[in-house]
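The chain that follows stands alone, in the form predicted alone, written as structure tokens.
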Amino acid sequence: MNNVTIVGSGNWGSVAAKLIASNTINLRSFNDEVRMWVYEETLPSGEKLSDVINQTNENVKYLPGVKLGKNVVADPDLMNAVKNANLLVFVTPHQFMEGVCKRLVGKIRKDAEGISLVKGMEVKREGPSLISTLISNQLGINCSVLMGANIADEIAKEEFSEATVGYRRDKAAAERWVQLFNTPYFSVTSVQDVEGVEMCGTLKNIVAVAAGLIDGLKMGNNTKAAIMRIGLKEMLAFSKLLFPSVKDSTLFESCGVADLITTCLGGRNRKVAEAFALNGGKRSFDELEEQMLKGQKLQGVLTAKEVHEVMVTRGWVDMFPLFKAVYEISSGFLPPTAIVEFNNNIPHHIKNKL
């Protein structure tokens, strides 16, 4: 019998719990109960978030108005939440993942496997590491990934969307994840390309920041389409430089071009970047994040910084002018208008490749 725990309970984590819970209750090979680890918070009412979720079957802070399923159990104790699980779904902001993994070392089942819904990467002195690799290395488990064109609030309303599972070698494990997530309104497929799927989910947030800046500057669809096209090219080139095994075809899955389009049209990175440009860059992304996202985390700006560190270390900065521009604007080195000026400074031999 398979036991599932969601490690994370934000907006996307709560939607993942809803999807999975609707399937485990109908699949004989899965225990009905889905545990969801909740980073405990005290609500304005004085109540604990985990208690309210269990009483109302609703994450009133991060996904208000949506019932998660009566078989979802919120648990503020991480060790207790994972102790019986052989299927671990990781969905916390990427900057917290290393700390979470360190707490779980030696505390999970030996036959456990994981899937990461986390978009971002870890950058250290020894080089960049994908979150799925971090999980695998620290916990000694196989870890797949799930990424796609899926804005959480729309999935919560059961509007049709898609996602892609990326796996390394174990096709059977991938199909188990597909079975666990797939619903009539959430169509899931799998590809044997963990790095490609995860890099798409990571890098598209940088391009979404650029798209939001365009919206804040009140520029049109032509400009936004150009930014998205250049961003897609940079996503593929950067991914293949880091991981030569990345397949071009992966960018045509839901995790690739579809997720890029969705994130550049909606989503928190675009939304906050638009506000940043509307304010002429006078209010920081940190300030806007705190005001606008109500506890959710903005990934695009942090990812732009991490990617820039990799580019500087490896001498790639001039190869990725859009990524460079997003980093410099979001760090306060350039004004928001620079997002449409960077193209003039691209060396001709690089521009021709874009």
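Owing to the predicted nature of the structure, the values given are computational and were not obtained by experimental measurement. Heads up: residue numbers just count along the shown sequence, starting at 1.
This protein has a second form, the form predicted in complex with a small molecule, left out of what is shown; the following refers to that one.
273-281, 189-197, 255-263, 216-224: which one contacts the small molecule in the model of the complex at 4.5 Å, heavy atom to heavy atom? After filtering at 4.5 Å, what remains is 255-263.
Is residue 139 one of the residues lying within 4.5 Å of the small molecule in the model of the complex, judged by heavy atom distances? Although the small molecule is absent here, residue 139 would stay clear of it in the model of the complex, with no heavy atoms inside 4.5 Å.
Can residue 250 be called a contact residue for the small molecule in the model of the complex at 4.5 Å between heavy atoms? Result no; residue 250 lies far from the small molecule in the model of the complex.
Partner contact for residue 112 in the model of the complex: the small molecule, 4.5 angstroms, heavy atom: Because no heavy atom of residue 112 falls inside 4.5 Å of the small molecule in the model of the complex, the answer is no.
Mark residue 237 yes when one of its heavy atoms lies within 4.5 Å of a heavy atom of the small molecule in the model of the complex, and no otherwise. Result no; residue 237 lies far from the small molecule in the model of the complex.
Considering the small molecule in the model of the complex, which of 151, 242, 178, 101 comes within 4.5 Å of it through any heavy atom? Of the candidates 151, 242, 178, 101, 151 is the one lying within 4.5 Å of the small molecule in the model of the complex.
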